[in-house]
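Form predicted on its own, single chain, as structure tokens, below.
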Amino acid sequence: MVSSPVKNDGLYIGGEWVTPATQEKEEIINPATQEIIGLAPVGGMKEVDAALNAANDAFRNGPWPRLSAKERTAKMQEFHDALMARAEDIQELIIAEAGATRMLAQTLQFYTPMEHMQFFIDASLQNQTTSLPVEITPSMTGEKLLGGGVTVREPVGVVSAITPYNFPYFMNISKIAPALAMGNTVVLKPSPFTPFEALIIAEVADEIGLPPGVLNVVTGGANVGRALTDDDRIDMVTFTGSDLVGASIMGQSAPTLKRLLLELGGKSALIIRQDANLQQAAISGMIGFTLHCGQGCALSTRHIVHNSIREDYVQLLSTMVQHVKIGDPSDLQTGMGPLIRESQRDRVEHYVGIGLESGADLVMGGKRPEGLENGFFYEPTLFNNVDNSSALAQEEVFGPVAVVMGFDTDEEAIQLANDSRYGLAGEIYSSDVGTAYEMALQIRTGIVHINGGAGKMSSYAPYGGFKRSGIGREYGYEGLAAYTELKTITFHAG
């Protein structure tokens, strides 16, 4: 058994490490080797109740929401720096627990969320009070009154944060950091597949002396998740995951009218016009379904290519993908690791079967790679001549599967891109950037990248989706404001 960098053996509740009442442990496996990396505690209703009580007490009676922004920021900076000091341990855990390649673990899975955390820390120092215009109003006695007011942002309260298995450390930090920076308290529930990337954050929070109850971590299954969405001690739920689970959370939260921040599924379109740089577009297309074995909600898995260059694109893309090394994610040369579990590989195989039955052309992949008997690996799979109305083109596979379909006019490309229940992200490649921008304005998604976009996931850029891809925005100033309530205070100026 590989030793885990998480030293503590329980759940983190109210500033203490708590052994679950059932004393149940779950084997957490490395998806690349199927070896056990550790035994994780499994929480239940008793632990949820204790965590909610601790978070409520910390918010209603504790110092955290009442600290000045400067005081709270100082503690958050200490938190950030302590996490950075454990960068190597955390990255190794991301590789072993989530199956991320070493390069991905170091960059998008670790340093990007740490950049986001630093942004939230710095942005939380901005003045949260805004003056309203001074107005003159006639009174009942005929006098003229001078009045004004301000708006202030205050923390929402107790935040329930539920995170997925694909980018667990990233999602944990991206929800904890803005919530805590604005004075909220948090109960974090990680995926049962990736609990250690939440518990290691709790370990660091404990080491720096975050006040008791400000951050709590409870593991568990669907029963724990439901309890963390329908309890009236919770003021806000932030969730990243599938649209079906998101819809369930909306229903569970409805009776108590909770604030919701939902970042859900995607089936993002990559539009490649006839004047595109084909090499750059193909690189983006390759990343769109091989990055983290296709386990990303914003990845571009629908490739909408002008018919005049479609065959050239498919040939170039398939050639590139053949050079992606599949295997041990801890090897720096590996370009694609495993899916998270056997159940997810079964799902991918199900959709590949649907594609074959639908008459789409299988260009490459469609099977498990030879020589990798251990681990949940699957070959990058590319289909051409796909009907956009098919399940393969419409439903989120969450695996290394991409579909290619053709278009003849820009209007047709936009229609194909928008003909989806999702609207999280999209891309356009064209040498005519003005036309690409005009097209971007017509695509119903939360973010559109033109010719590769900014080159990084900017901390300043709001992120979220249209339609079934979610509600609200994370990151940027909008993402920080999402964890606040806006209050108006008016007064007589004279």
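We number the residues from 1 along the sequence you see. Worth saying up front: this structure is predicted, and the values here are computed from it rather than measured.
Unshown form predicted together with a small molecule; subsequent notes refer to it.
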Name the stretch, out of 163 to 171, 374 to 382, 328 to 336, 206 to 214, where some heavy atom lies within 4.5 Å of the small molecule in the predicted complex. 163 to 171
According to a 4.5 angstroms non-hydrogen atom cut-off, is residue 226 in contact with the small molecule in the predicted complex? yes
Non-hydrogen atom contact residue 157 with the small molecule in the predicted complex at 4.5 angstroms: no
Is residue 189 close enough to touch the small molecule in the predicted complex, meaning at least one heavy atom pair within 4.5 Å? yes
Can you check whether residue 222 is within 4.5 Å of the small molecule in the predicted complex, heavy atom basis? yes
Which residue among 406, 265, 365, 113 has a heavy atom within 4.5 angstroms of the small molecule in the predicted complex? 265
Which one of 248, 151, 418, 274 is close to the small molecule in the predicted complex, taking close to mean a heavy atom within 4.5 Å? 248
